[in-house]
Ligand SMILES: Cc1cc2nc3c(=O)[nH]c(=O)nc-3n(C[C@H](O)[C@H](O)[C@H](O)COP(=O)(O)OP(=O)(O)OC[C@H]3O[C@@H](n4cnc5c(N)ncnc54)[C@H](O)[C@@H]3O)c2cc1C
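This document starts with one chain, in the form predicted alone, laid out as structure tokens.
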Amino acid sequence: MASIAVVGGGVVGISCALALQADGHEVTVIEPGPIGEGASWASCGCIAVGEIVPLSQPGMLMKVPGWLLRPQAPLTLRPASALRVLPWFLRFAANARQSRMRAIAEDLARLTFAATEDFKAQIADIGRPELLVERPVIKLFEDAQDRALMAAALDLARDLGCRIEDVTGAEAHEIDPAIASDFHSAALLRDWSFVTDPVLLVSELHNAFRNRGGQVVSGAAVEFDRKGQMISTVRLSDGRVCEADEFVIAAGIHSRRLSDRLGVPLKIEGVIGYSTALRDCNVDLGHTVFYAKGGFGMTPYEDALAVAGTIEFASSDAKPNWKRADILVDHARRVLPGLRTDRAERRMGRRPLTPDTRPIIGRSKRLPNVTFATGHGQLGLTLAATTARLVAGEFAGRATNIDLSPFSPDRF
């Protein structure tokens, strides 16, 4: 069996580490930040089985020019990042063609349709099956125009096998009385589910990994050493080195910098998302609810209500714009009458997004002993367990029913 260094201890990295450890490998995880405080801690915590239509859908792109001029819009770009992001964004926009949208959706469907069973197997393995709540997600529409904007995406998702049910706003209120009763309509996303606490999930995965003999090294990977075509060590910012036979790059937005060092440039942009955890919020919400017009969702975690969303393109060292988090909370009052917001904890996460919305999974032909598991965008939590199964399967030479070529790091 091999010694393997997994660079990145977020939900994707630790999931890969556990799967490789289960196959008998000696695994070390390198994580620069606090455990559980990566991208997933500022999320809605969903296993988003039907989130298969790329963000570059025509209806979305039509709104982007206006949004970019409004700093508090659901999608925005900080001016200082505009020139750097432009080449990426042009590739992103090119995927709005109908043929490309369908091809991407088909590829993502093959991954997400396996996500629930893979995730359930993972949390059962660590003895925490109660972390998953299997209830449909409710997507709310303010008016007919709001609903029409999402029609093509919902129809494509249905066509590919997603279970989506149209209901009236009043029916959505009956399903979950915490929701305001005067919405125009809603969609029930039957395949989705949510976790009770993403931070606890990542922490429990780390605990299981350590209890089974895994090592977690606190530090930031900055450079690699080579022996011929093979990577031999990863160097940390404090001068320490970690030797291994194989390496997995699962470092989220930091994967772009590391892949440049490795000579395998990845087209990843860091997209900031915001979340606010509301405690004692005076609302008994039973489902994850998405407010389509506001571009955010609300999930009833075990100890707080999470209000999370927005897409903000900014440099990797940009400071949070907390006004964006506050705007979401203000809009959440429209959805949940009586919502109290005085006990609030704001969070920010940076999600690694590719221009075609597909994650990056697998080896590059340029580096025989490096595997990539990154670029999941808003699907990191959803696809972590599935990605881990595929990565471990590739190491072991096990056949899978998912073709990894659409997710290759060499596609850029």
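Start at 1 with the first residue shown and count on from there. Since the structure is predicted, the reported quantities are computational estimates derived from the model, not experimental observations.
What comes next is about the form predicted together with the ligand, which is not displayed.
Shown without its partner, this chain lists Ala308, Ala157, Leu278, Ile179 as candidates; in the predicted complex, only Ala308 has a non-hydrogen atom within 4.5 angstroms of the ligand.
The partner is absent here, but in the predicted complex a heavy atom of Leu379, alone among Ile360, Leu379, Val27, Ala385, sits within 4.5 Å of the ligand. Look at 269-277, 161-169, 138-146, 313-321: in the predicted complex, residues with non-hydrogen atoms within 4.5 angstroms of the ligand sit in 269-277. The closest heavy atom approach of Gly219 to the ligand in the predicted complex falls within 4.5 Å.
Proximity of Pro409 to the ligand in the predicted complex: non-hydrogen atoms within 4.5 Å are absent; the residue sits far from the partner. By the criterion of a heavy atom within 4.5 Å, Leu367 is excluded from the residues contacting the ligand in the predicted complex.
Residue contact with the ligand in the predicted complex: Arg334 places no heavy atom within 4.5 Å of it. Contact check for Pro54, Leu108 and Ala115: none of the three has a heavy atom within 4.5 Å of the ligand in the predicted complex.
Contact residues in stretch 1-23 (any heavy atom within 4.5 Å of the ligand, taken in the predicted complex) are Val7, Gly8, Gly9, Gly10, Val11, Val12, Gly13.
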